[in-house]
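First, one chain by itself in structure tokens, the form predicted alone.
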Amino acid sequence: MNKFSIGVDLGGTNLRIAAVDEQGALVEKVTLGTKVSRGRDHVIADMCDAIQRMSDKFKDTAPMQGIGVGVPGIIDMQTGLVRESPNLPDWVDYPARAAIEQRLKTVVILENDANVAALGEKWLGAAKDFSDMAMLTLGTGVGGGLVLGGAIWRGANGMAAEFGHTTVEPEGQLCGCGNHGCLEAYASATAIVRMAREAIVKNSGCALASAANSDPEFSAKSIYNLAIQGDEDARQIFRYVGRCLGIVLSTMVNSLNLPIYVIGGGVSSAWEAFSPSIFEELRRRSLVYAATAPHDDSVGNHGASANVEAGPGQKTIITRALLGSDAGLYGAARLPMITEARR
């Protein structure tokens, strides 16, 4: 076995940990529930216990390069403090890196979860042939990541690429960040369920209501299943998700003019339900996209390679992540490899 790193993707719902080797092969992966309600110390303890078990399992067969942890929220990269995390409410000015290192007795690299997802897609996924890219991650919340010149772009204070907190409805739904009308309030898994329950209040006899009553774990996936079966209420929710994503992507395309924008996270599994609305909004709102769009985006952009060939000049590619919800795991595991390579 080659050298390996351990990557951690800490979400508001799930905690996932993986061992990944230098070539990007996934050696082992475990998934746990994130027991946010029990407090940050409990979450850290669960994480460190799982990391230690995985490290012990492989330490005699291959050298470990390090541990990378993707955390949702704003991180002070110098101190390892999590300044704020809407989906981890008690992680305010929390010295997360120190807490993890104290338990594991080793150096840990902490990074924003959307940044590591972007790095994963740059390393092994949809953007592997590009040095510049942006990513939106649609999960419990909506995160964003930028990779410029092959490296994560954090901005002056480590807060760059918070695309999920771009306003799409100025007087809209209250977001966990305190603003009204953020993309996160309309394109996250949490938002999809909220919009479905709002539809149920208006029509208690709809298919969404039947699904909610029969499924104790009524989720964005349940709503997507109804959408692909043709339920108009569910389809309308995903059209609206796509519209909101298209508004934000239009601003990103106009501002950044990058070659590729990748959409990942668990909600990206519903790509066929929301992507047509993305491309409709992009063509309507972005002069840059209208001038550089691949010819076949009307059916949804499922892969980068086909679109690069569509006409002369650099095309603007909007595509679904190839690594799915594992992008953050690969990106987190990549962090120690990059650090070692720079020594």
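Remember, predicted model here, so these are calculated numbers, not experimental data. So that there is no doubt, residue numbering starts at 1 and follows the sequence shown. In this text, the rigid core denotes the largest set of C-alpha atoms whose superposition between the two forms falls within 1.5 Å.
One more form of this protein should be noted, the form predicted together with another copy of the chain, which is absent from this view; the next part is about it.
**Q** Run the contact test on 132, 146 and 171 with a 4.5 Å heavy atom cut-off to another copy of the chain in the predicted bound form and return yes or no.
**A** Every residue of the candidate spot has a heavy atom within 4.5 Å of another copy of the chain in the predicted bound form.
**Q** Exactly one residue in 225, 179, 269, 219 has a non-hydrogen atom within 4.5 Å of another copy of the chain in the predicted bound form; which is it?
**A** None of the others qualify; the residue that does is 179.
**Q** Exactly one of 194, 235, 103, 83 has a non-hydrogen atom within 4.5 Å of another copy of the chain in the predicted bound form; which residue is it?
**A** Contact check passes for 83.
**Q** Please determine, with the chain shown alone, which of 73-81, 226-234, 207-215, 183-191 has non-hydrogen atoms within 4.5 Å of another copy of the chain in the predicted bound form.
**A** Single hit among the candidates: 73-81.
**Q** With heavy atoms only and a cut-off of 4.5 Å, decide whether residue 199 touches another copy of the chain in the predicted bound form.
**A** No, no contact at 4.5 Å.
**Q** Is residue 91 a contact residue for another copy of the chain in the predicted bound form, using a 4.5 Å heavy atom cut-off?
**A** Judged by the heavy-atom cut-off of 4.5 Å, residue 91 is well away from another copy of the chain in the predicted bound form.
**Q** Does another copy of the chain get within 4.5 angstroms of any non-hydrogen atom of residue 37 in the predicted bound form?
**A** No.
**Q** Would you please decide whether residue 285 lies within 4.5 angstroms of another copy of the chain in the predicted bound form, comparing each non-hydrogen atom pair?
**A** Flag for residue 285 set to yes.
**Q** Taking heavy atoms and a 4.5 Å limit, what residues of 140-178 are near another copy of the chain in the predicted bound form?
**A** 146, 148, 153, 154, 155, 156, 157, 158, 159, 160, 161, 162, 163, 165, 166, 167, 168, 169, 170, 171, 177, 178 sit within 4.5 Å of the partner.
**Q** On a rigid core superposition, would residue 80 pass a 2 Å threshold for CA movement between this form and the one not shown?
**A** Indeed, residue 80 is displaced by 2 Å or more.
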